[in-house]
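The form predicted on its own is given below as one chain in structure tokens.
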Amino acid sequence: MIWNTKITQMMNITYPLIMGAFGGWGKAEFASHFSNAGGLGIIAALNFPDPEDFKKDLKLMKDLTSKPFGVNLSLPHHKASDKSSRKEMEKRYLTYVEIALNEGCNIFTTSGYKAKFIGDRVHEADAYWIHKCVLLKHAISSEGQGADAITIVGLEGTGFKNPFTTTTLVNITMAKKLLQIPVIAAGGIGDARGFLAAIMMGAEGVCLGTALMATEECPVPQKFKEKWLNLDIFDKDFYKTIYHYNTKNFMAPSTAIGHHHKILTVKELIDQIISQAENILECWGFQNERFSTLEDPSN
């Protein structure tokens, strides 16, 4: 089946699947597998304190895949203490942007506090800017600043929390009504039904984070993968870890880990999600060879 959404068109990818930005792990040797499997692999620029190492990894990525990939720049989740600090931070981030542009990258994802300066430079180069946030008011603001698409993370996701974060279901269905640009769903999605549900709710793509943490190519020790695969997502301590407000980032899988019970390769995981989604559609009576969101009757 051919998957045709605004995100597959924008990014020139086979499936509307985007790799999350992995701090420490989002490098070419991991991300290339995601791109080769039909999604959009993401290299996190700040995994490379030395910009020259970032440049080398981009070159490696191009050796490992001929498919599209993106670069992530995660900004601090707070306001800079003064204008001088902000100016220095922007200068540093734009150094990474210039390197990526020079290496032919045309898809940039951002998150955190005020990324418009990155979006402006990206647009000058005729590249795409996708901003990630957790609140719809920030999504609306980013759309007004020129973002080409928005990734919205629901409460089911992991990492930084905002006290006003709502669920993935609420985020996506409301974003479909309130935004004109494409929406990418994130937060607790780890299987075919979650993927399909997000698309049906109005998303043009799905961002996978935790679902990739227990894959064979994810560069973390085997013991951690096995521990995550055996987690009880309904345990009260796990519940507190995920659903309680936390201003600090933390390394923990989201509720998406509950869908996984063994270590797969990235390709096996993506193939499984897509093939099962197609089987579900067929059981529902969908018989077309093309699945498209471009003629959405709700628009």
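These numbers come from a predicted model, not from an experiment. Residue numbers here begin at 1 and follow the sequence given.
Below, we turn to the form predicted in complex with a small molecule, even though it does not appear here.
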Although the small molecule is absent from this view, report whether Val122 comes within 4.5 Å of it in the model of the complex, heavy atoms only. no
Contact with the small molecule in the model of the complex for Trp25, defined as at least one heavy atom pair within 4.5 Å: yes or no? yes
Is there any non-hydrogen atom of His131 lying within 4.5 Å of the small molecule in the model of the complex? no
Hey, in the model of the complex, is Ser142 touching the small molecule, heavy atoms inside 4.5 Å? no
Does the small molecule come within 4.5 Å of a heavy atom in each of Ser111, Thr158 and Thr210 in the model of the complex? yes
Candidate stretches 185-193, 172-180, 82-90, 99-107, one within 4.5 Å of the small molecule in the model of the complex by heavy atom: 185-193
Answer option from Ala147, Ala198, Val153, Ala214, heavy atom within 4.5 Å of the small molecule in the model of the complex: Val153
